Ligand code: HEM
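Before any questions on how it binds or moves, here is one chain, the form predicted alone, in structure tokens.
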């Protein structure tokens, strides 16, 4: 019998090479490929590497959940690694599994609940600033305000009292540049590296004191792997920098978009105010039961994350043979997954550009099918997801009943499509005091 050669099955796609990055051109390219070829597209990148764009919800879930061990981080993470080292976001394989196992206990809900008082204090700081602006009739830069809020919060949750006595003792936050400069270029990388020595001194002092404190740093210092080995100094620094950057950017960017959307949707805003007044105590620290009852606010946040996922493009690189749908994935194939595109695909989300929190009602389609992954899926799903929702609920629940924020410009802020999805321009809103 004649020899038969096996044929590698490929999704449809263009014949000419396709350049892909993490930029606006890539969003336009991937959207065009989806429109032309469907939800599974194969292509060749300049240089000859095979690449696929996967926009099918079942196959996205298969890659991120069921077959995650067959994929490592893909192209684009080189810049992240320069900034964060080999922390949880960047690492793969045994290094990642060890770090994930050691860090996960810090994010148990009971530990996160112990940090709710810090969330209240940081929100109160914003309230004082907004009140001064409202009384003076001055607009606020909500992009800057939400960044400052989220950065202060994560630093206080990591370092506890050391934040004021060691890091910001002279009145300046040494990490301010992270919220002021979104470029994540080499200049930012160098500033981060300079801070590592300062953090090493803080860590050494914390170890020497051996006192009973509760914050993320203390939990990371106490963490050990299965052999009882703690993080080395370099590992600890990588994980702390990962927590600082990832811990503030997601909440800051989401709150930036939430306030912008609420300023244009009075009906949604009204329901959030009513819920906040009904669910949260007038003063003091709310309980987890209070925030759990804020179901409408949860829907608003989830719909905002649908429209503006913090990471708009994920990449993976296959390290083993796999099969997706009726196609064969060979080792070394780059896989591109875009929450932004999937969340705005009309077949899954009717009228996808419309802001409609009702999509996430308890009995809604989104709850049942979930073609939705703003925090990724599977073992690499963001550990800080619950922390982020909790801080955003407290922030909104405290500030919305006190302030109406009105748009001062009809101009769309646009999108900055880097590693994170941000508004291209800072958003300015005019705070107005509500009647008690």
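Just so it is clear, the structure is predicted and the values come from calculations on it, not from any experiment. Numbering follows the first chain given and starts at 1.
Another form, the form predicted together with the named molecule, is not on view; read the next lines as being about it.
Just to be sure I understand the contacts: of 254, 299, 333, 338, which is the one whose heavy atoms reach within 4.5 angstroms of the named molecule in the predicted complex? When the named molecule is considered in the predicted complex, the option within 4.5 Å is 254.
Report the residue, out of 122, 142, 305, 342, that has at least one non-hydrogen atom within 4.5 angstroms of the named molecule in the predicted complex. The option sitting close enough to the partner is 305.
Against the named molecule in the predicted complex, would residue 88 count as a contact residue? Criterion: heavy atoms within 4.5 Å. Yes, residue 88 lies within 4.5 Å of the named molecule in the predicted complex.
Given that the named molecule is not shown alongside this chain, does residue 316 nevertheless sit within 4.5 Å of it in the predicted complex, heavy atom to heavy atom? It does: once the named molecule is placed as it appears in the predicted complex, residue 316 has a heavy atom within 4.5 Å of it.
Is it the case that residue 73, even though its partner is missing from this view, gets within 4.5 Å of the named molecule in the predicted complex, heavy atoms only? Yes, residue 73 is a contact residue.
With the partner left out here, check for me: in the predicted complex, does some heavy atom of residue 311 sit within 4.5 Å of the named molecule? Because a heavy atom of residue 311 falls inside 4.5 Å of the named molecule in the predicted complex, the answer is yes.
Counting any heavy atom within 4.5 Å as contact, can you tell me which stretch out of 398 to 406, 24 to 32, 44 to 52, 384 to 392 lines the named molecule in the predicted complex? Single hit among the candidates: 384 to 392.
Heavy atom within 4.5 Å of the named molecule in the predicted complex: which residues of 93 to 122 qualify? Residues within 4.5 Å: 96, 100, 107.
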